[in-house]
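Only one chain is given next, in structure tokens, and it is the form predicted on its own.
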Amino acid sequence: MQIYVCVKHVPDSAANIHILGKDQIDENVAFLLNPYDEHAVSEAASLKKANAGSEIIAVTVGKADADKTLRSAMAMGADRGLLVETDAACDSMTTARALVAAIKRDGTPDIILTGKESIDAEGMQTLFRVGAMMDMPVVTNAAGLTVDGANATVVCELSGGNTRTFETNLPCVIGAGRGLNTPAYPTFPDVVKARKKPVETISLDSLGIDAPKGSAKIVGLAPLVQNRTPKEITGTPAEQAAQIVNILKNEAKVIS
């Protein structure tokens, strides 16, 4: 079973990120494996354990430094990595084309796993574009995955704590949600072993992908400024509870 995991090299969400100019960030901050992709890699490791002879290949598009993210994925269980290297900022259309070209060049996937979104762009588009170009069904925000032969059953989380269950044939693309598993973080020996695992670096230009008819680019970045007006809730416990319910219902509109 060939299991491909598409991962992304993203800034640490805990980092203090500074904007440079109008549309760039100061990249002198810690970058890491996209947290949702950790769930995808962990699920790939579980699939490999259940299917003898399987191979996990982590794939990413990014600068040379993205090798670190591939090493993180390999420390968590991936056998090798593919780095499509480019210094250009790629939107979801170009990224999907690059991932698909690299995967097709490398082998024949039985399943493709990825996080349901990246914590930087939060576009939630790339996996659907990969599925469309590979002619594979896509199921996202997976909270449960069972593979039985050539079929997969996927439980997806919806809003309000609801779920929906899908059945699909393999190969398919699965977007991992936080409820899918608890990531198995690597030990020090795992990290050391990952340094010796192979990573193939492929130039984006060498893939000869077609330029998309449309494109998206960042034209401006600005820090999020939240203006909050604290409101004191007074009265008896019953009166306070009634005020809270009123705020949740009529202002926040999170209950009906």
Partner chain sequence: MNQRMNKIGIIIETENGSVKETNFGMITLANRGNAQLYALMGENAASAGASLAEYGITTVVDLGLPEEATVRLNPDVRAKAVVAAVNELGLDGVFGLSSAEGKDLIPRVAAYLDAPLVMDCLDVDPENKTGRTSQYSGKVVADIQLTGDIAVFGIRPNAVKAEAAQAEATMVSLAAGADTSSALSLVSWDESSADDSQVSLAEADIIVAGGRGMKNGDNFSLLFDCADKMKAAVGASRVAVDEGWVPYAHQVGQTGEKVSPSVYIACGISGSIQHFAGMKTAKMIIAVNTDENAAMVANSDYYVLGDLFEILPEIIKQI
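By rigid core we mean the largest C-alpha set that fits within 1.5 Å across both forms. Just so we're clear, the structure is a prediction, and the values are computed from it rather than from any experiment. Residue numbers count along the first chain shown, from 1.
There is another form of the same protein, the form predicted together with the partner chain; it is not shown, and what comes next is about it.
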Listed residue (108, 182, 162, 146) with a non-hydrogen atom within 4.5 angstroms of the partner chain in the predicted bound form: 162
Answer option from 223, 189, 198, 208, heavy atom within 4.5 Å of the partner chain in the predicted bound form: 223
Partner-proximal stretch of 190-198, 46-54, 62-70, 215-223 relative to the partner chain in the predicted bound form, 4.5 angstroms, heavy atom: 215-223
Heavy atom of residue 158 within 4.5 Å of the partner chain in the predicted bound form: yes
Contact label in the predicted bound form: residue 117 to the partner chain, heavy atom within 4.5 Å: yes
Contact of residue 178 with the partner chain in the predicted bound form (heavy atom, 4.5 Å): yes
Interface membership of residue 139, the partner chain in the predicted bound form, 4.5 Å heavy atom rule: yes
Residues from 26-47 in contact with the partner chain (non-hydrogen atom within 4.5 Å) in the predicted bound form: 36
Residue shift check between the shown form and the other one, rigid core fit, residue 242 Cα at least 2 Å: yes
